[in-house]
Ligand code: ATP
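Here you get one chain, nothing else, as structure tokens; it is the form predicted alone.
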Amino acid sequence: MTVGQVDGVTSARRGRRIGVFGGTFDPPHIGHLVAAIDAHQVLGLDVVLLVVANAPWQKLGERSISPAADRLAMVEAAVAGRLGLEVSDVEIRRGGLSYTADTLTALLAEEPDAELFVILGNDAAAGFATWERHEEVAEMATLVVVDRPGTPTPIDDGFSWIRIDIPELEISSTELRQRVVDGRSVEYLTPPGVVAYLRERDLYS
């Protein structure tokens, strides 16, 4: 499904249209924000929730992950004052491993009439079929992939998707962490509030 077909998405729910953009956000960067803002505008969402993972099961054991409290504070600093974007600590409050199916269930328990849209980047969308209980995710929410221009992300055609093109920004959290380790600036790659928090907490260095 393309962006032009957004109005054709059918749902039995008639409450708020909520984007769910989950991630480790270690740290958040402008690529995350561009994806969230574009999804908010193109899909006509009431809000996009940036859901900070408590313990991202797909990344455990790969590297050291910053404390959830620090990652939550950085996302709060990143979206401060930006209408339409909000931070959610639902996975942190729940504790344990973070699964999107559990998160959607919790959100619908709070707002049963909400229409949910799960927003995924290229890598997450390409690996969607490996997710824990991914069928439940597809049943509870509309799947959205934010795509870079050019070759579309290969996704599981067994599910209905909405594609949104965003600018090609070659920025990753991994790169930002390495820049801090190397003593290089991350200004303009992440919002000023995040830069200030990194310095205050001396994260990654």
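Throughout, we count residues from 1 along the sequence that is shown. Quick caveat: nothing in here was measured; it's all calculated off a predicted structure.
There is also a form predicted together with the ligand; it is not shown, and the following applies to it.
By the criterion of a heavy atom within 4.5 Å, Gly84 is excluded from the residues contacting the ligand in the model of the complex. The ligand in the model of the complex comes within 4.5 Å of a heavy atom belonging to Gly23. The closest heavy atom approach of Ile37 to the ligand in the model of the complex falls outside 4.5 Å. Though the partner is left out of this view, Gln178 does not reach within 4.5 Å of the ligand in the model of the complex, counting heavy atoms only.
Of the residues given (Ile92, Ala124, Leu97, Ala106), Ala124 alone sits with a heavy atom within 4.5 Å of the ligand in the model of the complex. Annotated contact segment (heavy atom within 4.5 Å of the ligand in the model of the complex): 24 to 32, selected among 157 to 165, 24 to 32, 39 to 47, 135 to 143. Along 160 to 179, a non-hydrogen atom within 4.5 Å of the ligand in the model of the complex is carried by Ile166, Leu169, Ile171, Ser172, Ser173, Thr174, Arg177, in order along the sequence.
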